[in-house]
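Presented below, as structure tokens, is a lone chain in the form predicted alone.
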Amino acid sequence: MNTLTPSEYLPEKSADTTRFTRNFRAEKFDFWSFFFSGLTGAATWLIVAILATILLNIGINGWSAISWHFVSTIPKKDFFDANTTGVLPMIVGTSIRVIVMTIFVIPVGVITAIYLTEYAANTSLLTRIIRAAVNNLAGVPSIVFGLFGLGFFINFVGKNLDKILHNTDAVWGQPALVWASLTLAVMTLPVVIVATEESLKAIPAGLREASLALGATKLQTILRVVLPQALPGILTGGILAVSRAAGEVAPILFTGVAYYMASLPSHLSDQFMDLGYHVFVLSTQSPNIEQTRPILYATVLVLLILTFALNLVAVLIRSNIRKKMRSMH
């Protein structure tokens, strides 16, 4: 019986394999590829480090001043004392204005995106005007939206509404929660339109054609086939709008925010207190900045937590919708 040595078990190397190995070893080191790969990685980690530094700074300095009394108390007019102040009206006002803004902006943004994607011809003059308007709207400074809200919503819509309703006192023709929310809706409208458009374009054309081939109308196809598939992307646009609007101060300066209120807002025509504006007041009008610093950090921390909480709700809804869509398939 013939026996094989261990070396005979190994397959013989072919000429091509030997040539490939030599070429691989002889290949020169690509310095520029390594340099730019390291540069992009370093830039990414720098952004993460800056974000972590900001969050840690706010968390460390603000956590010691946060208490149940701080988040559940309506402050007195002199709210620069850390022992007696509270931010409950600011939390309520910020939450309501963001929620009302979302109710207004998502339907208008989705309808506009549906028209641009499903109905409008890309070569028409009207479509190009609308797209140019959306793009320009995204670049307008936020303070301009505040002046627009003052001139259009309050002085034009609100005062004329008071005349129509025969209000003796100014009910709608003054800064109010609804006008601040509508101003923010106009400001965040391009975000929702662009996100919804990209989501609608990602839906395969075959789904539309199959629905139309089965006898469905174009409207039924959009409502029952296209929109359910694009819903996660639409919610992504809503999340981006909430993230931008939650910390904005300039658009609400002239349209609804109040320096101080002794009660919580109960109607859309009421003014409101806001966390972002409260941070501005604490940082610019405090008689003793060192005494106010813990309140300032704590208010910023509450604003961040509230923004993250609002985004988390939207993310959970989007995740739940995606799970249901996957289970249907």
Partner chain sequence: MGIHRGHKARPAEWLAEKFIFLVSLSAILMVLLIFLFVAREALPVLFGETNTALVQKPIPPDEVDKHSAAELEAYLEITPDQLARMSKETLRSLMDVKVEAQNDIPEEFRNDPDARINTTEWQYLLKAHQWSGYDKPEHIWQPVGQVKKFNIIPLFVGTLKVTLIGLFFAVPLAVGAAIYVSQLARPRTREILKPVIEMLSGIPSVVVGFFALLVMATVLQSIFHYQTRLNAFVAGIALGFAVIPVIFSIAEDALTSVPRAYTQGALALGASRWQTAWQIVLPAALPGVFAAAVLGFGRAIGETMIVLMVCSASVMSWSIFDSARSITTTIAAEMAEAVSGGPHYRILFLLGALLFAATFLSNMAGDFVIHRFKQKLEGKK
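As the structure is a computational prediction, the values presented were derived from the model and not from experiment. Numbering follows the first chain given and starts at 1.
In what follows, reference is made to the form predicted together with the partner chain, a form of this protein that is not presented.
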*Only one of I164, V144, I99, A121 has a non-hydrogen atom within 4.5 angstroms of the partner chain in the model of the complex; which is it?*
V144
*Can any non-hydrogen atom of N155 be found within 4.5 angstroms of the partner chain in the model of the complex?*
yes
*Would A314 show up as a contact with the partner chain in the model of the complex if we use heavy atoms at 4.5 Å?*
no
_Contact test in the model of the complex: I54 vs the partner chain, heavy atoms, 4.5 Å_ = yes
*Within a 4.5 Å heavy atom cut-off, is G276 in contact with the partner chain in the model of the complex?*
yes
_Taking a heavy atom within 4.5 Å as contact, would all three of I47, K218 and T307 count as contacting the partner chain in the model of the complex?_
yes
_Candidate stretches 71-79, 230-238, 85-93, 250-258, one within 4.5 Å of the partner chain in the model of the complex by heavy atom_ = 250-258
*Go through 158-196 residue by residue and record those having a heavy atom within 4.5 Å of the partner chain in the model of the complex; state none if no residue qualifies.*
K163, V186, L189
*Closer or farther in the model of the complex, the Cα atoms of A314 and V194, when the shift from this form is 3 Å or more*: closer
*Just say closer or farther for the C-alpha distance from N311 to R131 in the model of the complex, relative to the shown form; it changes by 3 Å or more.*
closer
